[in-house]
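In structure tokens, one chain follows: the form predicted on its own.
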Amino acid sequence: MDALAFEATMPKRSQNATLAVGPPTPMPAKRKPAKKTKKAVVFFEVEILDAKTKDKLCFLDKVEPNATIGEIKSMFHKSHPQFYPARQSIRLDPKGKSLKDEDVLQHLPVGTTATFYFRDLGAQISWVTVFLTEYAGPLIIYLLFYFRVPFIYAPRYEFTASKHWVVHLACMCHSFHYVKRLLETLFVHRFSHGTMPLRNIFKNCTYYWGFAAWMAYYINHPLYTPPIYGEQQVRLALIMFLFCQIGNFSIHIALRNLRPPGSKTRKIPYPTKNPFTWIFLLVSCPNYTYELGSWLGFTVMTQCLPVAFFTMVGFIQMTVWAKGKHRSYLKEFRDYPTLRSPILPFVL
């Protein structure tokens, strides 16, 4: 049989058949990804007591550990709608300091069952509203005396103008000061606290409005006499007043630039390229230093006793504020410059 005939008698293999060489090798099994073990979240239980009576006001269950005091205030507000967050003071101790809204629960010295104390701060009002009210009042009140509207002085002096040019200059300076304050409130200042107690607006307005009326009555009085040293005294006082007003505005701009919009971050203020800010080398609160200088200039310009008294009272109050802020800087920043004084270089 020839080769061709022998091949024809053999069974045909499939074209796809392969020669088996030994047993088939098994395919490697796919490994299942290891399951990630989830960390168990430890929730907190928050108990809020009245700081005066120690009565339980609210119990919050399953509070997340990264919850802030601000969020806890919002939870408390849901159960006590009359106490909105700005009205609440949450503390670790009944007589302790209020906790900040940004404080995180798990970072506070409390256990998983946390006890806080609540104190009602009373009705609140925004700082912007307070400032606009207490600054707009003196501006309007002073102008009423300047134009000598009826029922202030004798009828024959109604709507008459003073013959002394220093009276008109004092009106311009006083008006400039409070217009500046109003504009700074609207466009410059960034407040770390959004509100203040409503009762404070009556105290603040009494102070600013009352002193404005007292000063304006004597400066614009028909019997007012100009300063003893005349024009030279007025001009020197005007230079001092304007210099300090520019300095005060420069400090407010520098402080604004330290705090990004919407934040409550605090930084050490340092001098900038503006020469009016170089006083930061010696003083912690130069805005108060310049404010004092402005009113000293106004006192010398008008030579009026009520203005001098207002300047003295303002200096005492600003000294209290400056000392408090200076202590706060020293406590918060370890590298705070020790050469600085609160309000007056090397003195106070």
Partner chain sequence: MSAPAMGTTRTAQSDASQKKKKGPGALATAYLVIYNVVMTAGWLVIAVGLVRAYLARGSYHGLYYSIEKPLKFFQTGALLEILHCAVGIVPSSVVLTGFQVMSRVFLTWAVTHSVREVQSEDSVLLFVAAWTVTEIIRYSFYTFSLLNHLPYLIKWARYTFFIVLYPMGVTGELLTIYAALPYVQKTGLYSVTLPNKYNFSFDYHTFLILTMISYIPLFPQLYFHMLRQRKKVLGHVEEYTKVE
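Model, not experiment: these values are computed from the prediction. Numbering follows the first chain given and starts at 1.
Same protein, other form: the form predicted in complex with its partner chain, not shown, and the subject of what follows.
In the predicted bound form, no heavy atom of F118 sits within 4.5 Å of its partner chain. With a 4.5 Å cutoff on heavy atoms, C304 counts as touching its partner chain in the predicted bound form. Among residues of the shown chain, L223 is one whose heavy atoms approach its partner chain to within 4.5 Å in the predicted bound form.
Taking non-hydrogen atoms only, W214 approaches its partner chain to within 4.5 angstroms in the predicted bound form. Between its partner chain and the residues Y207, W165, Y218, Y157, the one pair within 4.5 Å by heavy atoms in the predicted bound form involves Y218. Segments offered: 286-294, 317-325, 304-312, 57-65. Contacting its partner chain in the predicted bound form at heavy atom distances within 4.5 Å is 304-312.
For the partner-free chain shown, nothing in 269-286 comes within 4.5 angstroms of its partner chain in the predicted bound form, judged by any non-hydrogen atom.
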